[in-house]
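Listed next as C-alpha cells is one chain, alone, in the form predicted on its own.
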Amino acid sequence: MRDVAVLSFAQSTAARETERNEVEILMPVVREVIAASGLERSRIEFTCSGSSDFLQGQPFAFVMALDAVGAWPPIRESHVEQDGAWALYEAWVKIQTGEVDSALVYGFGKSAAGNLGDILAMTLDPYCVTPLWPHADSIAALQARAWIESGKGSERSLAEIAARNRAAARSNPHAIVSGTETVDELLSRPYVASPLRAHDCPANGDGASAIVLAAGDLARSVSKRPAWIRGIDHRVDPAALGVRDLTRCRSAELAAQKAGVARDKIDIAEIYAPYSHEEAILREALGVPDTASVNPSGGALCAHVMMSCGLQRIGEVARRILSGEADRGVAHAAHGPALQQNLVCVLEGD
C-alpha cells in the first residue's frame, strides 16, 4: 500500500447562499486549498468531486463546478454522486494504483435551492416509503426513539450532546449555529419530532470543502508534518429501516474495524452526526474512547452542508494533525437514512 497524506484543507460554510452559485462558492475554496498545499496547480494530477444533481436540480450539474477548478489544459477528473468523503476515497484508490501521485478532492451542496425534506424523501423506497413523504427529521426521530426505548440514553443525554457541540462551535468561524445554553434550557424547548428538538437536528446550509492529497515522497517534500491516512473503509446497511437494528450501526462498526480505529489511541474524533442521538450511536460503533475530543468543531449538528459535511469531518481532523494539535484521529462520514452508509478514515501525524 502506498502512503497517502492530506496536505491541506479549506472550507466555506453559510446558513444560506442566496447570492452565489456553486462555482462562485467553490472558487475561493479551491484557490485556498491549493495555495496551502505547497503544490503548484500543475502538479495536481487528478481531481474528484462529490455533489448531488438532486440538490442542484439538473442532470450532470457537477460539470458546471469544473469552472471553479479550471479544466484547461485537460485534466483527469471524476465525480461521485455522494458526499465528498467518498470522492476522497476514490482519489485515495487512484493514488494507490500508481497512476497519479496527487489529487484535489472537493464536495459542495446548496440545500437552499429547494426543499431539502422533499429531496431526501425521494431517495427512499419509491414504492412504500416515498409516497408517505416522511421528513428526514421524522425518520431520525424514529431512530432516536428506538435508541431511548432500548435504555441506552434519554432526552437529557441528547441535550447534553447538543449543548457540548453548540459550545464547541463558538470557536468555529464556519459554524452556522452555536450557543451557551444549559441542558435544562434546551430541554424546555418544544419538539420538532419527538423526542427531537431543534437543537437535536442539523443546522442545514450551503457551502463547499476541499482537500489536497499526495503520495509518500511528494507529501514529505512539501510538508513537514502531513496528515497520513492510515486506514480507510466504507460499508453499507440495508436501506429499509425495518430490517436493521436502528439502535446500532453495524456498517460503521465494520468500517471502523477494517480502518483500524482500535490499533492505537485516538486523540480526536470528528463524527458525521447531524442529529444528536447519532453521535451516541456512532461513538459506540466506532469505539471512540471517552478521553478523545469529539467534534471540537461543533460537528454536523452545528453546520450541515449536504455533500460536503463528511469531507469536512476528514478535513477537521487533518487540520489539527497538520498543526500539531493532535497525533491520531478518526473521521467519519455517513449517507442515507438513519446512518445507512458509513465511511471511516483514520489519520496520523508523522
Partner chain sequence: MAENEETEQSLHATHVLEYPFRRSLGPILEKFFTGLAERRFIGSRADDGRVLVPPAEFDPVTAARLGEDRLIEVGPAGIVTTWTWVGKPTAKHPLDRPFAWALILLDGADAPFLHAVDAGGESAMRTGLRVQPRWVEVPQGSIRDVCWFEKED
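In this text, all values refer to a predicted model and were calculated from it rather than measured experimentally. Numbering follows the first chain given and starts at 1.
The same protein also exists as the form predicted in complex with the partner chain; that form is not shown, yet it is the one meant from here on.
Annotated contact segment (heavy atom within 4.5 Å of the partner chain in the predicted complex): 136-144, selected among 225-233, 136-144, 258-266, 156-164. Of the residues given (198, 75, 93, 100), 198 alone sits with a heavy atom within 4.5 Å of the partner chain in the predicted complex.
Checking 151, 173, 190, 242 against the partner chain in the predicted complex, a heavy atom within 4.5 Å turns up for just one residue: 242. Of the heavy atoms in residue 116, some are within 4.5 Å of the partner chain in the predicted complex. With a 4.5 Å cutoff on heavy atoms, residue 70 does not count as touching the partner chain in the predicted complex; it lies far away. Remark: residue 280 does not count among the residues lining the partner chain in the predicted complex, judged by a heavy atom distance of 4.5 Å or less.
In the predicted complex, at least one heavy atom of residue 238 sits within 4.5 Å of a heavy atom of the partner chain.
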